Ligand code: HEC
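Below you will find one chain, with nothing else, as structure tokens; this is the form predicted on its own, and questions on how it binds or moves follow later.
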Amino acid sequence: MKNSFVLLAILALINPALRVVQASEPDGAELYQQNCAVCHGVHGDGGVGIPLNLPDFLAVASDEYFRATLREGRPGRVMPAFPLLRDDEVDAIIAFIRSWSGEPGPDYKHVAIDGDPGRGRKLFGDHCAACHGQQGQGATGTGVTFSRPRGAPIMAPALDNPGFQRSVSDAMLKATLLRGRDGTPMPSIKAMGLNEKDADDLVAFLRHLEVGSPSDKQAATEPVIRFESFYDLEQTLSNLKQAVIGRNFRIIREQYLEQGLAEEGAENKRQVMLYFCNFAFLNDALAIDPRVGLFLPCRITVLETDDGVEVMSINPENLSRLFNNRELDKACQQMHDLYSEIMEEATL
């Protein structure tokens, strides 16, 4: 028997196929950089997303809260869900976030809250609504440049968000109220002259909030707006420029679609892009979500084929769904309507 074990060991050394391959443990720091840092900052100091590397936040945020947040996201807001991360990868990210404080997360098991939601509503209106909104809908906009006031290091999150409500426990809500969050505008309720019973009533009210729904634009819409032109390429472009200027947009440039992709002079002259911008609208859109800048300036493409001339653009209605931010709905609908009006005017 002993000789058999020795023989198997030797064969395993000779033939790699017989070895037991141990999967390497996921790297939490690397996973955080890949999935979280772009919004929450390389060191967790915030950006488009809230800062995570705050002692008061890490002291009250449980591992269960982090797990649920990564799985649930914040529907209708900027924070996406991460359904493709494995459980061990989620745990690795949490462990990396915990390394900033060096302390384990709190254990909220067997903690029950019994409060008066009616009294909590009044307390919320008096002490919390100025930042979190009367219905707990959170502050308007996101980001660190346009929408965030210089004196506010964090935008107040949406407390009525279904992802938040499913992720946070009553005990964590109470602990947050009692502790406050140094480094943000949120003080402890004790600093506001309130007590632990007030915290219970506030938690009870927060659990009675009407949970905000995700964007109405969740259903897939056509990715491209298209119009057929009754004119040739040159006249369609001329009409397009007039329609753009007539709606207070400034023309930025005109270029061939293949510019930069084909050798200079060899581009397809029957494919042209027109870039234009309204700077007031630009500022408003960036204030809602800075990522909109990826799709600016506005652009419309004119294509001439043997069958005629076609005018097209991306459909802005998809942006609020793509960015998981319901606050973009109105701006995206406005932009969709403007694109459609400009293209219709240029082609009829």
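Everything numeric here is computed off the predicted structure, so don't read it as measured data. Throughout, we count residues from 1 along the sequence that is shown.
Quick note: we don't show the form predicted in complex with ligand HEC, though the next part is all about it.
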{"item": "Single option in 273, 251, 85, 211 placed near ligand HEC in the predicted complex, where near means a heavy atom within 4.5 Å", "value": "85"}
{"item": "Listed residue that, although ligand HEC is not shown, lies within 4.5 Å of it in the predicted complex (heavy atoms), from 204, 243, 171, 186", "value": "186"}
{"item": "4.5 Å heavy atom contact, residue 51 and ligand HEC in the predicted complex", "value": "yes"}
{"item": "is_contact(residue 117, ligand HEC) in the predicted complex, heavy atom dist at most 4.5 Å", "value": "no"}
{"item": "Ligand HEC contact at residue 192 in the predicted complex, heavy atom, 4.5 Å", "value": "yes"}
{"item": "Partner contact for residue 313 in the predicted complex: ligand HEC, 4.5 angstroms, heavy atom", "value": "no"}
{"item": "Partner-facing stretch of 106-114, 235-243, 258-266, 75-83, counted where any non-hydrogen atom is within 4.5 angstroms of ligand HEC in the predicted complex", "value": "75-83"}
{"item": "All of 36, 97 and 124 within 4.5 Å of ligand HEC in the predicted complex, heavy atom check", "value": "yes"}
{"item": "Sequence-ordered list of residues in 116-137 near ligand HEC in the predicted complex, where near means a heavy atom within 4.5 Å", "value": "124, 127, 128, 131, 132"}
